[in-house]
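Quick heads-up: it's one chain on its own, the form predicted alone, in structure tokens.
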Amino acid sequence: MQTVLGILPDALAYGMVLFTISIGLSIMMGLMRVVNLAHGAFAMIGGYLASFALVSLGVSYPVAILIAVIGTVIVSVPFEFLLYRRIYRRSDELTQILLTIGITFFIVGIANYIFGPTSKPIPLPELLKGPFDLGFRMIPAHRLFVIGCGVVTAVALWLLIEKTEFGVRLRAAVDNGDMAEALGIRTQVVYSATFALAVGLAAFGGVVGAELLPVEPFYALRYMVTFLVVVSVGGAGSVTGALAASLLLGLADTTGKYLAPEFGEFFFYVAVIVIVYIFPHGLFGRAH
């Protein structure tokens, strides 16, 4: 029991990091039908901007997060205007994969040219550096912060998609774009806003999760498969599915590394195989 209680907080924190970053990709794939392999690249941009703001500009941690999110959305605007608009609902998945993998390598090259080919530190504020006593073990305060961010993100997204007019317009535009336009919904504006939301979430996750997924020159390529796995296991477009998948995979990966570290990510992918075998459309996915 003591071992379980010792592993659980770390597994929960890692799962929330996966969720915070991957949920933007889930939205893109599930609601907008875009296989955006460049999602990790936008998370990397957020991490780079936060590191620059903290180390070079000396701003506070919350301000660095705002700079990272807003800056990444601004950086993404030309990509959305020139490239992504051409693949919303109008291209096959192979075209989307080729286009977004090209964008990934482009961003990796530009980021390394501007910021250099070294890992980028994201210093934490004093409040998040120390340990926190849970009663049965000590845990870094930052991990509690990450868990809190994941919970707030999940609730806010669910409310946005299920309970707001924007969510209704988005689901209408996805289900039948032509009909939605005929009813006066400006689908292009809805798609652009959703893309900005997904990119902003990627940047936010890249910053708050940097302690567990360090920001380094090949971040976008190193974690691309991990983010895709979370979306596939959870079911694209499902906030609940992405959260469940992140927590399950985080638990499998953390437990495996605690008990048998020599196996690396073996247990993570075993869990993926088992879940996908039992739920071929994802935990909360729908057959199309």
Partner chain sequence: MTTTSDTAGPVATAGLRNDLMAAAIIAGLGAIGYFVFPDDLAFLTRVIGLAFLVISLDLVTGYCGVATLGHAALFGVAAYAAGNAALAGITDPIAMLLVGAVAGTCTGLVSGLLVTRFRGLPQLVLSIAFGQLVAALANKLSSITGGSDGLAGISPGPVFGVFNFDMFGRTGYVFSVAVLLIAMVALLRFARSPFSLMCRAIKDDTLRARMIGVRVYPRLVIMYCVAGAVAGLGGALTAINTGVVGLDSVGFERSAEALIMLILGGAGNLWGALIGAILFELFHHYVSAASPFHWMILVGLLLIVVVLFFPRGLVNEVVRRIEDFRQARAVR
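Bear in mind that the values here come from a model prediction, so they are computed numbers and not experimental data. Numbering follows the first chain given and starts at 1.
One more form of this protein, predicted together with its partner chain, exists but is not displayed; see below.
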Legend entry - Answer option from L124, L144, I110, L160, heavy atom within 4.5 Å of its partner chain in the predicted complex: I110
Inset, instruction - Taking 4.5 Å between heavy atoms as the contact cutoff, choose which of F166, F115, F132, F106 touches its partner chain in the predicted complex. - result: F106
Inset, instruction - Select, from the options 151 to 159, 79 to 87, 180 to 188, 200 to 208, the stretch whose residues sit within 4.5 angstroms of its partner chain in the predicted complex by heavy atom distance. - result: 79 to 87
Inset, instruction - Would you please decide whether P140 lies within 4.5 angstroms of its partner chain in the predicted complex, comparing each non-hydrogen atom pair? - result: no
Legend entry - its partner chain contact in the predicted complex: V69, any heavy atom under 4.5 Å: no
Legend entry - Touches its partner chain in the predicted complex: D175 (any heavy atom, 4.5 Å): no
Legend entry - is_contact(G102, its partner chain) in the predicted complex, heavy atom dist at most 4.5 Å: yes
Inset, instruction - For the stretch 214 to 235, return the residues whose heavy atoms include at least one within 4.5 Å of its partner chain in the predicted complex, in the order they occur. - result: P217, F218, L221, M224, V225, L228, V229, S232
